[in-house]
Structure formats: structure tokens, C-alpha cells
Ligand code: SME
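A lone chain, given as C-alpha cells: the form predicted on its own.
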Amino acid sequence: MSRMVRLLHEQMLKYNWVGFYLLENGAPGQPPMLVLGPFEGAMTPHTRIPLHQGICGAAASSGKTVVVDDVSKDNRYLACSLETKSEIVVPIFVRGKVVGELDIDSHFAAAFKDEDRELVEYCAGLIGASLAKSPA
């Protein structure tokens, strides 16, 4: 994951923040949380996100990729940086269950086109396949 975020951040100039959030099941009576994993870019105050909060929570809860062309017009957006204009969040699956996600922010509006979506979904798929091979 660390190599992937570094590579995406370095090679894709419009990808200004690239990181993974991993799903952590809460203690009994506590909701599951998305916990910040490896990332490249500015520090974020959002190191733990409740499963049903923000764009990250929406992607993990629905199991679907979420692309937001203008974060200022999406009330789900959890502000991390005033420079962020658009975001893509792609769930990571292991054996059909969401276990995390790949989150990318851009300082450019509508930065994520179809080819970006395909690339980020492919990357998330690689991580899911790698995690599926890891011992539990």
C-alpha cells in the first residue's frame, strides 16, 4: 500500500493526496471505523472516520466508487484542505466484503475522468487481491 500511494502521488500530478483507509470493526456497541493507513500528501485531521460519515463513509457503506467533481457542492465532504476541489474514493474488497478504500483528492475540479476511475479501481483491486492472500 505504501508503494502504491507513493507511486500514484508521484506519477499522477493531479493526485494531490493519496491514501488508504482500512475498515476496523468497533468494539461491541461501537460503530465500525475507517482508519487511516498509508498515505502521501498533507497531514489530515481525519485519521478515523465513522463508517457512515463523509464521502469515504459513503463509498465504504455502499461498496461503490464515489466521484465528486466539486467537493464544495457535496455536503458529505469532510474538509481536509481548502485546496481540495475534487475527490474519488474506491472501496477495496476481500472475498466480497469491503475492507477499506483508496481515497484520492485533487486540487483541480472534475479531475477524475473515466480513465482515472479505471486506474484507481484497478489499484484497489490489486490491494484487495493482495490482502486476500495475507494470513488472517
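Note that residue numbering begins at 1 and tracks the sequence as displayed. Everything numeric here is computed off the predicted structure, so don't read it as measured data.
There is another form of this protein, the form predicted in complex with the named molecule, and it is not shown here; the text below is about that form.
Peer 1: Using a 4.5 Å heavy atom cut-off, indicate which stretch of 22-30, 107-115, 78-86, 91-99 touches the named molecule in the predicted complex.
Peer 2: It is the stretch 78-86.
Peer 1: Can you work out whether S62 and the named molecule are in contact in the predicted complex, taking contact to mean some heavy atom pair no more than 4.5 Å apart?
Peer 2: Answer no; every heavy atom of S62 is more than 4.5 Å from the named molecule in the predicted complex.
Peer 1: Would T44 count as a contact of the named molecule in the predicted complex, using a 4.5 angstroms cut-off between non-hydrogen atoms?
Peer 2: Close contact exists here: in the predicted complex, T44 approaches the named molecule to within 4.5 Å, heavy atoms only.
Peer 1: Is L51 close enough to the named molecule in the predicted complex to count, meaning some heavy atom within 4.5 Å?
Peer 2: Answer no; every heavy atom of L51 is more than 4.5 Å from the named molecule in the predicted complex.
Peer 1: Using a 4.5 angstroms cut-off on non-hydrogen atoms, would I55 count as touching the named molecule in the predicted complex?
Peer 2: Yes, contact at 4.5 Å.
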